[in-house]
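Next comes just one chain, in structure tokens: the form predicted alone.
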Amino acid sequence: MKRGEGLLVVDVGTTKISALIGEEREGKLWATGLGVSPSQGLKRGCIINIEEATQSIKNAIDKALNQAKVEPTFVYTSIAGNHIKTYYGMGVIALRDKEVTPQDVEEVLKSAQTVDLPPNKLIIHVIPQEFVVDQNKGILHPVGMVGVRLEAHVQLITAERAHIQNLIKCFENLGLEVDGVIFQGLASAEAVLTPEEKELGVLLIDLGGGTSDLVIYKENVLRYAASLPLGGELLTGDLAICLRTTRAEAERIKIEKGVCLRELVNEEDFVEVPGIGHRPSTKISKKIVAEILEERVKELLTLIEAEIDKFSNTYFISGAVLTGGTSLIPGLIYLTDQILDLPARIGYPERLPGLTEEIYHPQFATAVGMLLYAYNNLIQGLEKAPKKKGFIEKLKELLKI
């Protein structure tokens, strides 16, 4: 990135849109603009109304641009939902010069993507698991090694083309070209996981509003990624129904008074619940609120347990890391430990200079991670940064926009 260039990332969530702008100053990434707007036109991570979603995205971006005072040169957006799937890929090439070059790595990774995918799926990330040079396995950085045969084993993270198409359409309506689409769980992992956790083995649970993203790292390699269509909205919805109040009031009660472990609540504690319409407010025992949230959190953790059941406990030596806006509900760490049998902690995003305190919160883990992921890929070349026209034209060709 050159001086004066801005990197805009937009986390398109079910309950909120977070736009974050980064700039390079003195060789470091600074967060200089933040905009947050309530989501409209989305359900469980997917766009259901393009006009409403476009306006929500615009509101967040405008706030971030007004604060940063810089025009974005690069634009990245996020994606989630239960349509996110991972597939295994393998590619092999012969080494022409007997020494692995960056071009060879690019070629073998391209070869690994030639898998038989459903026609409605598009690859958004190619994550190398290991390279094999001749008979030498477990290689993560093969450039410079000598051999005659290069093999790559990868995880392919895919999304449905219709969801990507609708997402990109929102940005096109605003006159913005998207440089890349980042899976929310992968971005959050970038922001909150430590190198030691990635090495030993860790489960990341990103509890968003409409989705819960799962990411597993082992030996510094992403081994699995998935997205469940359940999140904080499930808790809010149940509270609204059981307490007979509006979703807005249920969300407020969840954030301000919510506890998902009944043992943490005293019998004498009460919560005032506003009625719907002109009905009078009522006082409800806080223990009832805790019981409602506890049952739904247990249900969510049980679904997560079933999702990761295929992996042995050796994959999670470090335990679990919980992030996202819903992760701060008191009692969640205890229930995670009990149900998943994993020691857990809350994941706060890396402290970036600039808007350090404003974004140091689990609800901004995805946005901060997107900024780090895009910046590192662009600057350090870990994943070749696509040219603006090349990327968007390729997507348009694939999506037939």
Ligand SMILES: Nc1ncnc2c1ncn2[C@@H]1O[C@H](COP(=O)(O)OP(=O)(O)OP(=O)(O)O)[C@@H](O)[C@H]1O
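For every residue, the number given is its place in the sequence shown, counted from 1. Computed from a predicted structure; not experimentally measured.
Same protein, other form: the form predicted together with the named molecule, not shown, and the subject of what follows.
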Option from 173-181, 136-144, 319-327, 118-126 whose residues, in the model of the complex, bring a heavy atom within 4.5 Å of the named molecule: 319-327
Residue among 107, 307, 233, 295 with a heavy atom within 4.5 Å of the named molecule in the model of the complex: 233
Contact residue in the model of the complex, chosen from 160, 291, 238, 251 - any heavy atom within 4.5 Å of the named molecule: 251
Contact test in the model of the complex: residue 377 vs the named molecule, heavy atoms, 4.5 Å: no
Residue 72: touches the named molecule in the model of the complex, heavy atom cutoff 4.5 angstroms: no
Distance check, residue 336 to the named molecule in the model of the complex, heavy atom within 4.5 Å: no
Residue 363: touches the named molecule in the model of the complex, heavy atom cutoff 4.5 angstroms: yes
Residues in 207-225 close to the named molecule in the model of the complex, defined by a heavy atom within 4.5 Å, in order: 207, 208, 209, 210, 211
